[in-house]
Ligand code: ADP
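What follows is one chain in structure tokens, specifically the form predicted on its own.
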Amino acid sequence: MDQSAKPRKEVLFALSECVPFIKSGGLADVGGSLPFALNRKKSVRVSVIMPQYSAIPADMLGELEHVCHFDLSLGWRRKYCGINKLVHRGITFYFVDNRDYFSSDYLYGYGAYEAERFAFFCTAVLEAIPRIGISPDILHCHDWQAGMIPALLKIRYSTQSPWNKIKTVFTIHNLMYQGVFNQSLASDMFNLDVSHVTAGRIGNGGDLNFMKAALTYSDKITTVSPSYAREIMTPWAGEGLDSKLVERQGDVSGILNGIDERSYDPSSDPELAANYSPGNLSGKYACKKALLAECGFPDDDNVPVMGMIGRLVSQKGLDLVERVLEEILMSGVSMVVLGTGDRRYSSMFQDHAARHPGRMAAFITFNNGLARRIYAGSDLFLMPSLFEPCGLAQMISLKYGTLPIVRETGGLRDTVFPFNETDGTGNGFTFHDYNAHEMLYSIQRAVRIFKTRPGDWLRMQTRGMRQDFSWKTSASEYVSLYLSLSRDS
């Protein structure tokens, strides 16, 4: 039978955030781009289900079409559950509606109420399946907020149609965040005996753990880079779940995230002072000139600008930066930081910017246009992360001809390759140990190469800009994984 004539496998993504509707981090970028790449394949068709937050832009909420509504049992509670939908760029997005849980102006909170919100979401996804007119072959669940779906499917629904033929894939985007709650909530929200927690099937250390439930019951487990898949099987990076991951290692794979190269394209990005391409970088110099002016830096092309963009938290290696920030600013580099997070780090950057005007600028906010201007106008991009499951910023910086300085961990190790002064290979600068002075040495080395080897620098820029960071390869790997599950059934 001709491959193209075979019916497409139906895949339903379940996740807690997705662009263009709402975003707090990289999960939303994946949800907003991977389905489109998958739907270009002839063998699968993807739709998405997520909570209907009131913080979704009003114009998008106004376009939603009502599909159905029903009463949902959540432990002893009876709750309204509405399912609405919107077709965007050919993808059908379903939204789980309940104002008690999703009408606040925030995505994520704390404590038992947070458990209840996403217990409702997980249950609603499964209860919606026979009501919304699709029969997914595969439920692809993302991060802890969707982690109870594979568990509930196996424990409660596995013998009933239409759920009995569904396979599950669970993707870990960041193992640090697991959805850990008091064990009593297993009974209170799911009518599950506490033994499911204490036996370690949906619990860890005596607590209900949504992530552990997914690792126990999912048919396949992925994470967002090959290196991170290996790292989380060690006590150092396993966040207390390494033994379960080692137990399931035959079902675990690392598939590198991609970026939307149509959006992150310096040849057409409307936010830039000038556009440019690997074959003509003159626009990049105009972007640097504009960024120098925006930051209040002297107009000097010979001083490299180093950008940092992201959450201002310890995971991003900011304790290393804190230890040697004065030395960084004395190394011959100007520095611009954009992001929000811990007060400790935002105050640190603001204080140094006040003491070193012309060499340091700190924007304690998030502004997508400014982020793109920093990617384009900088010469270097610093990501000294303690751990980094995948990382998108280093890929974006490379597409904009800005050379990354990263610690060799997770997806950073898989995408940034150190400059070799002997043969000129590489696309950036790396360091191995989580050590402030090793990071500082890498920065100083990058500054030296910038000043003394402009030909090698230009070749690294164009090499990075021409790398394929699209979802094409990753989408093919996901399709292979989905089809392997179908063959196993």
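No experiment lies behind these values; they were computed from the predicted model shown. Note that residue numbering begins at 1 and tracks the sequence as displayed.
FYI, the form predicted in complex with this ligand isn't displayed, but the following is about it.
Specify the contacting stretch among 113-121, 186-194, 289-297, 338-346, defined as having any heavy atom within 4.5 Å of this ligand in the model of the complex.
-> Heavy atoms within 4.5 Å of this ligand in the model of the complex occur in 338-346.
Please run the contact check for residue 285 against this ligand in the model of the complex: heavy atoms, 4.5 angstroms, yes or no?
Flag for residue 285 set to no.
Within a 4.5 Å heavy atom cut-off, is residue 316 in contact with this ligand in the model of the complex?
-> Residue 316: contacts this ligand in the model of the complex.
**Message:** So in the model of the complex, is this ligand close enough to residue 311 to count as touching (4.5 Å, heavy atoms)?
**Reply:** Although this ligand is absent here, residue 311 would touch it in the model of the complex, with heavy atoms inside 4.5 Å.
message = Since only the chain is shown here, I'm wondering whether residue 333 would be in contact with this ligand in the model of the complex (any heavy atom pair within 4.5 Å).
response = Outside the cut-off, so no.
Heavy atom of each of 264, 366 and 392 within 4.5 Å of this ligand in the model of the complex: Yes: 264, 366 and 392 each sit within 4.5 Å of this ligand in the model of the complex.
Tell me, which of 324, 371, 72, 237 has a heavy atom within 4.5 angstroms of this ligand in the model of the complex?
-> Answer to the contact question: 371.
Worksheet item: Since exactly one of 202, 396, 141, 360 fits, which has a heavy atom within 4.5 Å of this ligand in the model of the complex?
Response: By the 4.5 Å heavy-atom cutoff, the listed residue in contact is 396.
Do any residues of 25-54 have a non-hydrogen atom within 4.5 angstroms of this ligand in the model of the complex? If so, which ones, in sequence order? Those in contact are 25, 26, 27, 29.
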